Each structure stands twice: as C-alpha cells, then as structure tokens.
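The data below hold one chain only, encoded as structure tokens and taken in the form predicted alone.
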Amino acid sequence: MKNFLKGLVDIKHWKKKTKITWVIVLIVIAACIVLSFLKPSEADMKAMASPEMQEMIKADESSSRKRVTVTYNSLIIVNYCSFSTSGAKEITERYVGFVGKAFQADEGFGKFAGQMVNYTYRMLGCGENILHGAKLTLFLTTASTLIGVILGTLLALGKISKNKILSKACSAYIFFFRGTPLMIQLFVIYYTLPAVFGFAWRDLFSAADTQAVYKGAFIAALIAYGLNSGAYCAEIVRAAIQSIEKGQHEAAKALGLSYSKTMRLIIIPQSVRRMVPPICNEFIMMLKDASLVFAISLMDITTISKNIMTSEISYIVFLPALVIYLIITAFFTWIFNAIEKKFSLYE
C-alpha cells in the first residue's frame, strides 16, 4: 500500500513537471513567433547598404561582370546581410536585423553577432537540400539507429540461439564491429570496398546528378554507421532479453508455447522496457559520432565548420557548432528522459 501511494505521488509530480516544461516551451515558441514578425525584411536589410554600395549594385544589374556579392541569411528571430566588392577597391559592409531594426556589424559585438548568424545559418543547411549541415547529422543518426535496432534485435536472437553455427556467426559479427574503430570501418566501406570490387559509390546515382558524390558518400556512411550501431544494439537487446526471469520461459513452456511464440509474445515485450534507456544512450552517442563523416567530406556540421574556418580564417566558427550540437543533444535527451519515465513509471 505504501509503495502504491508513493507511485501515485511520483506520477503527480512527473505530470506537474511535464506541464511546467510544456508551458515554458509554448512561451518560448510564442516569443520566437512574435520576434520573427518584428525582424526587418530582406528588402529593408538590403536598403541599409551605403550610397556607394547601392550605386555599384545598380551598375552590376546592367553589366555581365558582377563586382558586388550580396549575402542574406535569415534565422527565425534575426537576420544578417553583407555586401562585399571585388576588384581594386574592396569594400565590406555587414548588418544584423533584430526587433525591427538593422544594426551595423562591421566591428565589435555587432561583427561577432553577425558572424554567429551567418555561420549558424550555413551549418544548419538552411536553403540547402537534406545532405547539408544539421539536417544531414540528424538524418544519418536517426536512420543509423533505426537500422541498428532492427539489425541488433536479429543479431541478439541469433547469438542466444541454440544453433551453434548461427550463434558463433552473430558473436563474431558483434565482436568485429565492437572491437574496431568506427572511423576505420567508415574508411573500409567508403574507400576499400570500391577499390576491391571496382565500383564507385557515386555510380549509384545518375551522372547528371550534381549531388551524386555526396549522396554516394552518405550511403556509404549510413551502411557503416548502421552496421556499427547494430553490433552495440545487439548487446543491449541480448542483455535485456536475458535479464527476464527463467520462470517466464518455464511458464510459457508449461502452456505449450513454442520458443518463437515465447520470445514474441512474452519475453521481448517485457524486455523492451529495459532496452529503452541504453538504446536512447546509443542514439546520443551516434549523434556525436556522426561528426566523423568529415573524413569522407560529407557536409555535416563539423565539415561545414572546418570549411568556413579554412576559407575565412575564423576560429570562432566552432562556437556555434558547439552550441548546435549541445542544443540537439539537449532536445533529444529531454525526449528520451520523458520516454524512460513513461516506461519505468510502474516498475
């Protein structure tokens, strides 16, 4: 009775915390929506250019040779616009728009804020396809973990199987992928396999596809990460299954259930609850390991950061990269904590 009452108190406390969290999230979303309407428009930002810059922009409209490069980036509540000229006379002007006003961003804090907006915009892959920035990182992590859970379940069942050949084969697979570095596995799949079997990953797509190289690299990365995740998820699933009391097996056998039905109807449904926390942790680890794709030039957050640093010689580019990873990790950690509480509520 005491445990039951304690459980009710815990449930009420958890629901109260959840409500408070949702209220905070809704307030933040509402504030972002309001601020997004208040930020200056693209036309307003471009109108901030100096008279000299405006004249050069107009001259470019009637000339085949462009002297002015205009960059406009818009992030939810803030936007950034820069003008740069090429040739004998180089001029650079930068502006940050926020709460209905545009501020000069050529020096000091304004320059820092402008760089943060510009770098964050590029790393998030805004205006680009799925194979850019944060979108690639999230897509690769999610797809790899899903493949890992499905493959890991099959490998775990194979490892604990009474068939010795199947058990040894699954154990060897798990040992290999857990015992070798993920980056080396990525190199083998992306470089070694094409060299041995005489093909190129980009050949999987049309020769006219300008993104064929990146799409091919993504497929190779997805295979490497999926196979690696499968080995780790296999041990998670195996441990969860074997943690179920043997009495459950004996009771199912007494009822006349076959091994497959026992696993499918009794053991696996009970073990799912115990798999959730470590699988969520595997997702977070895979999210951070996704940064290794810079080694095959896939345009994730890390690769874009490195390219910006090289081209613009700006080491502060790694600050927004750090913050983006932290925000993504915090978001999924919050979701997974809610899932774990949901599954462990009545334990």
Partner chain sequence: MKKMTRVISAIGAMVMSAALLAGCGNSKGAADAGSSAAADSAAVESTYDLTGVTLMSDGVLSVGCEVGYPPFEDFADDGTTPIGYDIDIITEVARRLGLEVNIINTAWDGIFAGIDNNYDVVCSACTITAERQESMAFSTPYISNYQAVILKAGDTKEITSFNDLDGMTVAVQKETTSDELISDYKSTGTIDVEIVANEKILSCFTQLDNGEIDAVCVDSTVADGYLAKNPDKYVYAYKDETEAEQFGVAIGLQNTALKEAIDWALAEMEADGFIQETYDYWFGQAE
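Definition used throughout: the rigid core is the maximal C-alpha set that superposes within 1.5 Å between two forms. For clarity, every value in this text was computed on a predicted model and none was experimentally measured. Positions refer to the first chain, counted from 1.
The form predicted together with its partner chain is left out here; the points below concern that form.
- Considering its partner chain in the model of the complex, the lone stretch of 226-234, 141-149, 101-109, 183-191 in range is 183-191 [heavy atom distance within 4.5 Å].
- For the chain shown alone, Phe199 is a contact residue for its partner chain in the model of the complex, at least one non-hydrogen atom being within 4.5 angstroms.
- Although the partner is absent here, Asn307 sits close enough that one of its heavy atoms falls within 4.5 Å of its partner chain in the model of the complex.
- The closest heavy atom approach of Thr69 to its partner chain in the model of the complex falls within 4.5 Å.
- Shown alone here, Val117 lies farther than 4.5 Å from its partner chain in the model of the complex, counting heavy atoms only.
- With the partner removed from view, the residue among Gln211, Ser206, Gln242, Ser161 that has a non-hydrogen atom within 4.5 Å of its partner chain in the model of the complex turns out to be Gln211.
- Each of Phe294, Ser297 and Thr303 places at least one heavy atom within 4.5 Å of its partner chain in the model of the complex.
- Fitting the two forms on the rigid core leaves the C-alpha of Ser161 displaced by under 2 angstroms between the shown form and the other one.
- Once both forms are overlaid on the rigid core, the distance between the two CA positions of Thr71 between the shown form and the other one is 2 angstroms or more.
- Compared with the form shown here, the C-alpha atoms of Gln211 and Arg65 sit at least 3 Å closer together in the model of the complex.
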